[in-house]
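For reference, the chain that follows is the form predicted alone, supplied as structure tokens.
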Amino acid sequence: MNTNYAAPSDLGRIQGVALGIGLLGIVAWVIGLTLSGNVREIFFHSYLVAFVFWAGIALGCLGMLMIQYLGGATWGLIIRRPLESGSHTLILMAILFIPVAVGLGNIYEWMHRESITDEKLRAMLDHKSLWLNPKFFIVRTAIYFAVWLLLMLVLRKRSHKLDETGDPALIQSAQDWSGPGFLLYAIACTFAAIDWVMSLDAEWFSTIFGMLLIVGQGVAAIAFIISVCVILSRREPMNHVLKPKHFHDLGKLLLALVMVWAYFSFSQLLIMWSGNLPEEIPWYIERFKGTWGYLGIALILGHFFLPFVLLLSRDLKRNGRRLVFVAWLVIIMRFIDLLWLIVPEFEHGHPGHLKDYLIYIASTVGMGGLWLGWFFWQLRSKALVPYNDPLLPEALAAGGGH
């Protein structure tokens, strides 16, 4: 490792804090479960929300890693190590999928076709049984993770070799993999979104739902990377590398992704509302009622309008300490968006109690401690920038670093 770009020693302390907060989250999760009326159901429901949230950030990091290779831009080189560390957590997420596989019967209605009395719904589930069955569901998820892990390991191997040899051909090889790799990644993410989230309501479907979640993953990943960069920019050696221009580039990227997310979200709503089909409209009606209606308004304001207005400011984007608050807002909104997408399917028209929603938060914090612990473990293991990349001098000059 090039000691000039070695990770600061106190990243270990930050890793410990993350693990500690995660442990507190797990304790709160367990306490909440013991106080709930149905421990098994709420456990798997809250676990799915946490799993989808953190898997989304990991997948967003992998997608952005391939995009930065394909774009060849200097902003991508500066954040390559955090993106690699984030995508490496897919190993952890593959392990953490096991409880989801065990709890399929507690999560998905299509697991209980025989007990459904609605003849129309039962006939439809029988028609979809070749796809919606537990064995094929688990096999498909194994394929998804195989694709993602293969891409992550291939890009990671080339990054390691580049540090050792400085051979620019390795950059070209990573780009060659990233082109078709991103296509495979997007296909796997689309089907994973359909399986993990959309199939919660087996009657409802959307042709752009996969793209909506993929863009959401990108939003969460860039917001997370901005947060990490702000932490690193206050410490040696990255305080000499990360400059206002780099944060400006990341802020522009976050703004673009926020707008794309809003475009897909509105397009899905507009098409379904104008179509007014009985198998589509109830999905939205359920989310326009009561607490979910207020959260929908919060998403419009906090996931799009407010970040959009704030990120128009050039001064804010160049100031990492102010930009990070927008990033945190977006990350919180991503969690609320997943609650809005997933949890109404568990309530079946009967609003949950406050303690149930607190359990969802606790499960996400608990799993997040494990995720962040893995992330910082990986980030500490390598130099914080690819020091043998031929574009590094240009990247430093672009930001005013030295």
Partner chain sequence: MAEVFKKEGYVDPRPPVLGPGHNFRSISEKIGDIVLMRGFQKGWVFGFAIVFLGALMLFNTIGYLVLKGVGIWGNSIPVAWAFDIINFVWWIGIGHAGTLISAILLLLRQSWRNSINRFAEAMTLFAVACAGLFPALHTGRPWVDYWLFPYPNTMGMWPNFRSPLMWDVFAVSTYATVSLLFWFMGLIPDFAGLRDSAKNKVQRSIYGLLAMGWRGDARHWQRYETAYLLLAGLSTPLVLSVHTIVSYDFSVGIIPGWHATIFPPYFVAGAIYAGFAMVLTLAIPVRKFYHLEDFITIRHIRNMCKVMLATGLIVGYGYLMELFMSWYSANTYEMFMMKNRIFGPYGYMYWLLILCNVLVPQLLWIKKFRDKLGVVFLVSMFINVGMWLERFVIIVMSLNRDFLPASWRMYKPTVFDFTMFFGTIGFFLTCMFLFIRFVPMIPIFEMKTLLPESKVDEHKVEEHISGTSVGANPLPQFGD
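Numbering follows the first chain given and starts at 1. Just so we're clear, the structure is a prediction, and the values are computed from it rather than from any experiment.
This next part talks about the form predicted together with its partner chain, which is not shown.
- Contact annotation: its partner chain lies within 4.5 Å of heavy atoms from the stretch 273-281 in the model of the complex, the single such stretch among 146-154, 320-328, 222-230, 273-281.
- When you look in the model of the complex, the only residue of 85, 199, 159, 141 with a non-hydrogen atom within 4.5 Å of its partner chain is 199.
- The partner is absent here, but in the model of the complex a heavy atom of 130, alone among 130, 95, 285, 101, sits within 4.5 Å of its partner chain.
- When its partner chain is considered in the model of the complex, residue 170 lies well away from it, no heavy atom lying within 4.5 Å.
- By the criterion of a heavy atom within 4.5 Å, residue 111 is excluded from the residues contacting its partner chain in the model of the complex.
- At least one heavy atom of residue 267 is located within 4.5 Å of its partner chain in the model of the complex.
- Although the partner is absent here, residue 332 sits far enough away that none of its heavy atoms falls within 4.5 Å of its partner chain in the model of the complex.
- Contact with its partner chain in the model of the complex holds for all three of 4, 180 and 206, each having a heavy atom within 4.5 Å.
- In the model of the complex, the residues of 224-249 lying within 4.5 Å of its partner chain by at least one heavy atom are, in order, 240, 245, 249.
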